[in-house]
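First comes one chain, alone, set out as structure tokens in the form predicted alone.
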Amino acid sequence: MEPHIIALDQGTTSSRAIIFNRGGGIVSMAQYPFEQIFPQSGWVEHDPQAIFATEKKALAEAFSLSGLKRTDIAAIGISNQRETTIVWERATGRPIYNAIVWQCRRTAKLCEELAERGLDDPIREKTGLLIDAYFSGTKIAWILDQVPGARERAERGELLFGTVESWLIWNLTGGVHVTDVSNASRTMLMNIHTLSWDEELCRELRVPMAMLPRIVPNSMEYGRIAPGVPGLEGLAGVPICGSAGDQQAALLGQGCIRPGESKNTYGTGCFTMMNTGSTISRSTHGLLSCVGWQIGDRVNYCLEGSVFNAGSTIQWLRDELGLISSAADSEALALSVPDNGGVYLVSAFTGLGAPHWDMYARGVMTGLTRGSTRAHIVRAALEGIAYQVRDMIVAMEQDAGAEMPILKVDGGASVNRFLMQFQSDILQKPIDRPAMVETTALGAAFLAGLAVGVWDSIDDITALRSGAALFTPEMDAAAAEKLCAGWSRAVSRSLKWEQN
């Protein structure tokens, strides 16, 4: 039988496992949600044990549903929510605190202190990132400062740090402590020129280097599933051979393998990436430079913009406000009114990312009247996602000095036809949605498959992608600009809200 690859797609709200065949088709999949923990305003946490338990359960179920044998599985690849920070005991594997999620804003003050000490330029130069609570470095420092005795234990080498892929690999292999270069580039601790931990930055952020994982390429064998992992006995010995942060995995899964090719993922947040090849592009418009992937000695870099709340905004409408009963309801409700009725929703629940980078921005709804309905609010929420993506695309085009001819899209919310059409209208450019929207998992599977010879080269990824829907602008440019002007006014109301 042909070889198959398992992708573990560990996201912000759920853990999934998808089994792909050599043609990139899905054989089986399983998914399990886990609890979102909000200890106080602006704080977001996960239980690391719940992350592993749900991912392990999804893996076991997908394998069972596939009807495949152990010998049919060539390798496992991992994609993960990036920046989310876990610290655990080397001896026992027990976390010493909940995972601090990438959305969490608790280290904003610490970031301000770093900026006041003049570290903006060194951090931007070495890491390609801006100083922000988004990234892992200050989250590690916070845990070491707040958990009694943690800093001393970390300095003695008793504690380990990892982002989520590192945590999964540790638990699946029985103790291999590595992180792939794409995830390491999102910590604010790795030098993207040397692809190594930076001693000066670790010292400035007070992160002991003894707790950091070994940085490895995105496609190689890291270890194998240990025989003693409960529930995975039937997969013991399967190699884990690929790993990438979810957005880098999606860029690869979309076939954006050449400089200038771009995608946007509509997940819990929105993430726009442009492949810049072997060049580290310096943004002057609030974007980030990071490692896309390293395969062998070849390193691909990318430009990125991040929206912190996209799919989570739809969840908020459903779970907290009760305006919709399911995410799918948002499309029909938005289409039930001819326009937004003047309502704008800026979903800055955990601050604003690119190009604003305001840790103290908070959510704002403007333009409400007695005529505003549930449909107007839901439509405004979907439009707000598209406006934020537009802000990132404009910044990216300014950095690149050229227009992006087409935007490839993926992620859960990309199935919403209203959102995709409005995105095309507001950008005034075509939107290309693939037939198979599980591009994040496909990218992780591809990295693993490359390592074991299921695919021969990175060029093979383009053969696995086919378009399913093309959305082209139906709104004239003047109308789009008028709507965007209203959006800019709404955003101005949200800035520095928590600070003021």
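Think of the rigid core as the biggest set of C-alphas that the two forms share within 1.5 Å after superposition. Residue positions are given as counts along the sequence shown, with the first one as 1. Predicted, not measured: the structure shown is a model, and the values here were computed from it.
Heads up, the form predicted together with adenosine-5'-diphosphate isn't pictured, but that's what we're talking about next.
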property: Answer option from 91, 321, 328, 236, heavy atom within 4.5 Å of adenosine-5'-diphosphate in the predicted complex; result: 328
property: Heavy atom within 4.5 Å of adenosine-5'-diphosphate in the predicted complex - the one residue of 111, 382, 96, 215 that qualifies; result: 382
property: Contact at 267, 311 and 314 by adenosine-5'-diphosphate in the predicted complex, all three, heavy atom at most 4.5 Å; result: yes
property: Proximity of residue 351 to adenosine-5'-diphosphate in the predicted complex, heavy atoms at 4.5 Å; result: no
property: is_contact(residue 262, adenosine-5'-diphosphate) in the predicted complex, heavy atom dist at most 4.5 Å; result: no
property: Exercise: residue 413 in contact with adenosine-5'-diphosphate in the predicted complex, heavy atom 4.5 Å; result: yes
property: Candidate stretches 371-379, 337-345, 219-227, 415-423, one within 4.5 Å of adenosine-5'-diphosphate in the predicted complex by heavy atom; result: 415-423
property: C-alpha of residue 72 moved at least 2 Å between this form and the one not shown on rigid core; result: no
property: C-alpha of residue 412 off by 2 Å or more between this form and the one not shown on rigid core; result: yes
property: Core superposition between this form and the one not shown, C-alpha change of residue 268 at least 2 Å; result: yes
